[in-house]
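Just one chain follows, in the form predicted on its own, and it is written as structure tokens.
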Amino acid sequence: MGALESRDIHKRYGSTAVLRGVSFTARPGAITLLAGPNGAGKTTWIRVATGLARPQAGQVLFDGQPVPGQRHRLGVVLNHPSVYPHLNGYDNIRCLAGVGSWNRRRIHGAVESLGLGLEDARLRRRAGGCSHGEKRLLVLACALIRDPQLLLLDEPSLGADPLVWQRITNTLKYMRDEGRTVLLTGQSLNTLEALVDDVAVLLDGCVVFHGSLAALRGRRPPRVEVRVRDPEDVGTLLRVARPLPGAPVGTFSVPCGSRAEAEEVASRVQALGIPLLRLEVREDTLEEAFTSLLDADHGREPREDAHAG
């Protein structure tokens, strides 16, 4: 299986630089999240990667070769997946997946193996009468039915109810475990946290972080958060404790160098014998780590665009 490489991608629309030297790697056997605020360039990057938009500079490669030339190895689901409303599920798959010669039995067998819950009765229905979640599953089936080695999904969790998202998640994990390369974008970081392995963060068209989910979450050390009725109880005994901004009075945060140190501090707090309203060892969630990263990058000097003009 091959890696997906984004090499110094620059993309402009008129005088606006949307992507400015975007470089990162999505490894096989992992699910990579391309994250960033609205307008960061995520969807533009997907369009460049799939050949729907031409960059001013740079390449997106899979297994060392340009992605647009490997359509037989590529599965794509764009942000607003479209189906033919007057065709049933089987005929949509024939058209959208390019498997026009496949009969119903072969299509049903392939779709059933994906674990998306699209049984024969649903595939016989006109797509226009399907729910939003069913349409999303149908489009994903179209992307996966030819067993791609590379899968690109733009906002796959958008509008998916919990059952649909669970089916999508199970399928993506299966793809990862099979050694495929999976890259997705998304805004619902709390939803995606349990799914992704690696993260590339875009801000103003530039990559400001690229690494494992653990490395992103570990940018800020673990901490102990404690809440007491009398603030002096903790403030006097733990000199490094600091009031937690935005939290109720009497809530403190104690920064620690490691998870083990945080657990030791929590044990010490318990041993103090003072009434506790809350005691928790905390590490950043994906959303907290993402917000912290963007806050740290905010206010830096604007990056020069080497391909301006």
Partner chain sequence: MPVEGPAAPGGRRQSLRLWWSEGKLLAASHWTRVLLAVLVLLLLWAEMGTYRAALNQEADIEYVYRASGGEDASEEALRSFARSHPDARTQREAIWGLHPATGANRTLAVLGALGPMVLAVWSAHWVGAEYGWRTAAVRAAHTGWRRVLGARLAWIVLASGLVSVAVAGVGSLAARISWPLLVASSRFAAWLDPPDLGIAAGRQVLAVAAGMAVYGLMAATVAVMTRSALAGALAGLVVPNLEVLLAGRSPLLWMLPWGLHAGLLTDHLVYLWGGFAGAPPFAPPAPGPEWRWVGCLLWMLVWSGLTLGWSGRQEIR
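As the structure is a prediction and not an experimental result, all values here were calculated from the model. Positions refer to the first chain, counted from 1.
The same protein also has a form predicted together with its partner chain, omitted here; what follows describes it.
- Note on contacts: among C95, L189, C206, L158, the single residue with a heavy atom within 4.5 Å of its partner chain in the predicted bound form is C95.
- Think of it this way: in the predicted bound form, its partner chain has a heavy atom of just one of L184, L74, V164, L213 within 4.5 Å, and the residue is L74.
- By the criterion of a heavy atom within 4.5 Å, E225 is excluded from the residues contacting its partner chain in the predicted bound form.
- In the predicted bound form, R122 stays away from its partner chain, with no heavy atom inside 4.5 Å.
- Under a 4.5 angstroms non-hydrogen atom cutoff, its partner chain in the predicted bound form lacks H10 among its neighbouring residues.
- Contact annotation for R47: at least one heavy atom lies within 4.5 Å of its partner chain in the predicted bound form.
- By the 4.5 Å heavy atom rule, the three marked residues R106, L144 and Y174 all count as contacting its partner chain in the predicted bound form.
- Residues placing heavy atoms within 4.5 Å of its partner chain in the predicted bound form fall in a single listed stretch, namely 81-89, out of 81-89, 189-197, 213-221, 129-137.
- Contacts between stretch 89-125 and its partner chain, counted in the predicted bound form as any heavy atom lying within 4.5 Å, involve C95, L96, A97, G98, V99, G100, S101, W102, R106, A110, S113, L114, listed in sequence order.
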